[in-house]
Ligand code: GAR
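Okay, here we've got a single chain as structure tokens, the form predicted alone, with questions on binding and movement later.
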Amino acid sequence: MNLALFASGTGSNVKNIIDFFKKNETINIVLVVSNNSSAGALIHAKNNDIEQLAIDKAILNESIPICETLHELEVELVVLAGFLLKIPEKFISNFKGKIINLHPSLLPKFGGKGMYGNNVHKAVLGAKEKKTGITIHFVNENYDEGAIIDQFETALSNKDDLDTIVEKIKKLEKLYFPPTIERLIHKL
């Protein structure tokens, strides 16, 4: 199965996924896409001889050229790994049920427009939550409302701050995101 990874930033999840599937003979990462031409995610792809594609919001909203590229590369699953732009309906309809996302909270809490990265963690802190975690879910037309594939949680205490929450979430992402992708692929 061929995967495309979409990311906007440093690409820690992209690197983790690439490393996890590096020796897998049936799951191939064939493309990394970013809306940031200097994203670390593209560098991780280049370092692993994976095709890279930098796009802007207008190209994403047009959708057809990207979808054509994905079809040419026989991509069967699109993984959003820290991709900050909303996937347009035209794109979703081309890959219905084949786009997944990692969200850094236990959805449905702390999801929706503007809820990404530290914004999520600050909201978790502000709500004095006793736990947080990650949600891996299918992408639909609404932010963070697609069917949940799996969730993984971590306890919080009154000693946690933004930095400790970030580290706890990164640990969950590293441990659980790639194996969850692998389990999902075997179900598809």
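Numbers follow the displayed sequence, beginning with 1. Since we're looking at a predicted model, the values are computed, not measured.
Only in words, not in the display: the form predicted in complex with this ligand, which the text now covers.
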For a quick test of understanding: in the predicted bound form, does each of 10, 13 and 84 have a heavy atom within 4.5 Å of this ligand?
yes
| Partner proximity in the predicted bound form: residue 108 to this ligand, non-hydrogen atom cutoff 4.5 Å | no
Q.
Whether residue 116 contacts this ligand in the predicted bound form should be assessed with a 4.5 Å heavy atom distance threshold; does it?
A. yes
Against this ligand in the predicted bound form, would residue 170 count as a contact residue? Criterion: heavy atoms within 4.5 Å. yes
Answer with yes or no whether residue 78 is in contact with this ligand in the predicted bound form, where contact means some heavy atom within 4.5 Å. no
In sequence order, the residues of 56 to 70 that place a heavy atom within 4.5 Å of this ligand in the predicted bound form are none
